[in-house]
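Taking the form predicted alone, here's one chain by itself in structure tokens.
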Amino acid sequence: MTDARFRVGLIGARGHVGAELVRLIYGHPSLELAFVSSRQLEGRPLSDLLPEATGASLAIESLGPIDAASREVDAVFLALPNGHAAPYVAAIDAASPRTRIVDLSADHRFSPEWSYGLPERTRAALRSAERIANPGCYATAAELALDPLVPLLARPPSIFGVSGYSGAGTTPSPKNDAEALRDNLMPYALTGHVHEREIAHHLGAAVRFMPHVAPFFRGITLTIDCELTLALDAPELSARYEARYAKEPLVKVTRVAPLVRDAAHKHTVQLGGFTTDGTRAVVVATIDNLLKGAATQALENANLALGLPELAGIPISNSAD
């Protein structure tokens, strides 16, 4: 572990992902929170987001783009809703272009000027990246679940996805309304979802994605149905995944189908349930949408960009349960 210390800032602390980032950064051995920004929480102590930070002198601020860009930091995390990153990026580009930015929104995931931050697939590029687009939660799980099969796909796979309602954010909507979701499963955006386009773009293969939201809070499960160009039996399919991810500590391969609760509060993507019928193959993936689907991955990306060990600040014991 390097002895270097880096100052980082966070814009967008009010959301579920922002709160997870505060917790991870606060416990990081080489990162120091220089500022935390949220319009709704302005003036409140950091301990309102993180009880263990009772003694911290840092208070939550409300920083506009120019004010945020004027702060001397090594990296900035943007945990803002889609469509809100541009003013902050422009201000940082103008004032401090060498400051690393990790954008957790969808705003830059299709931009060739930004590095796509899925370490298991793009690690080499991230080691020198200054502008990183953090992948979406569904997209992270789906891309890792499909990566070993891309050369064998005979047609676009079908991805049936179910997310906990934390994925809908904190702005009130039917998708995070506990009463609307009670005893329910709510389909939405059944064609053309931004994650469908993201998955296809970064895998270089078309997919069909059908998302749903369920009445549990956190976690995602994907059941992915693929038609392949050759027949594999279940052990062959499983072995293909085990070989691909043998050296990836945040991807756990299991023969049985993982459950949503297996992924909750974990830093791993879990892949399993390998089932085949001739050239048909089915794979199940689970992920905590707030951690490896967002905050954990953002921290991995910042670590790589700052020259730190990739898993610094990420408790491996949690990941390996």
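Computed from a predicted structure; not experimentally measured. Note that residue numbering follows the sequence shown and begins at 1.
The same protein has a further form, the form predicted in complex with a small molecule, not shown here; the description that follows concerns it.
- Although the partner is absent here, T171 lies within 4.5 Å of the small molecule in the model of the complex, judged by heavy atoms.
- At the 4.5 Å threshold, heavy atoms of Q40 reach the small molecule in the model of the complex.
- Using a 4.5 Å cutoff between non-hydrogen atoms, H84 counts as a contact of the small molecule in the model of the complex.
- In the model of the complex, the small molecule sits within 4.5 Å of a heavy atom of A79.
- Contact with the small molecule in the model of the complex, judged by any heavy atom within 4.5 Å, is made by just one of V36, A281, A285, L290: L290.
- For the candidate set K175, R109, R131, H193, a heavy atom within 4.5 Å of the small molecule in the model of the complex is found for exactly one residue, namely R109.
- Judged by heavy atoms within 4.5 Å of the small molecule in the model of the complex, the contact stretch among the candidates 264-272, 248-256, 291-299, 22-30 is 291-299.
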